[in-house]
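Only one chain is given next, in structure tokens, and it is the form predicted on its own.
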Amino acid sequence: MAEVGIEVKNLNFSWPNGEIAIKSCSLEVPKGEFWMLLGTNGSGKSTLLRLLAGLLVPQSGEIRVLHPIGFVFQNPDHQLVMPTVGADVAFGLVEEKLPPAVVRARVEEALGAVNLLALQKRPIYALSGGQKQRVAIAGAIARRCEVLLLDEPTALLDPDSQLDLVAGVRRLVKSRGITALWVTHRLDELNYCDGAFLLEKSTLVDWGEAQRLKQRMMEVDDEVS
């Protein structure tokens, strides 16, 4: 049986006002695979991702996720804190207390993996949105993340940059054995993943082959229009 990178069993989470955000959710993402999480706004996608990352604590249920975990926010400006590309990637290694030579090697390796090595000394403010997202991903790679969680990372990007980023993440997943879960509502991004989950009104209602779920969502859109 394939090793599991992310496993959730009967997960439940409600906000302090009693509003249910995640209800009886169970899912698995095989180790080294790239899956996507679909659903309309308010369905619970981002909440589920934050539960997996440990940013929120569920009321009940089990979460098992390989560590370390890398988390990429929708807006990279919320997580890039240092003045230059190289310094930001190195910032996540501070707690490991590594020798400077090891830090430099990790930074260069991670930036090379996202095709940003030539921009190591560039100021963060001078980057495009897509480049900022790749810096955030590089930070996770530098920390040798086993699981990469991405919360609509293409939401602020133009169409060409969107597909370039998702294709790049797929290459990283396959080349490094990373387990990735990517939140999206863009159906064209499903062409790059190994499988997908569908959330509706806080409940996981379908999962499996990405193209089948893509077709299901397209049929719903046709009915609405």
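Treat the numbers as computed from the prediction; the structure is a model and nothing was measured. Start at 1 and count along the sequence shown; that's the residue number.
There is another form of this protein, the form predicted in complex with a small molecule, and it is not shown here; the text below is about that form.
- A heavy atom within 4.5 Å of the small molecule in the predicted complex is found for one listed residue only; from Met217, Ala210, Ala21, Leu11, this is Ala21.
- Between the options Lys174, Arg64, Lys31, His185, the residue in contact with the small molecule in the predicted complex by a heavy atom within 4.5 angstroms is His185.
- Contact with the small molecule in the predicted complex holds for all three of Trp15, Asn41 and Gly44, each having a heavy atom within 4.5 Å.
- Note on the interface: of 189 to 197, 23 to 31, 44 to 52, 65 to 73, the segment with non-hydrogen atoms within 4.5 angstroms of the small molecule in the predicted complex is 44 to 52.
- When contacts are judged by a 4.5 Å heavy atom cut-off, Glu146 does not count as touching the small molecule in the predicted complex.
- With a 4.5 Å cutoff on heavy atoms, Asp88 does not count as touching the small molecule in the predicted complex; it lies far away.
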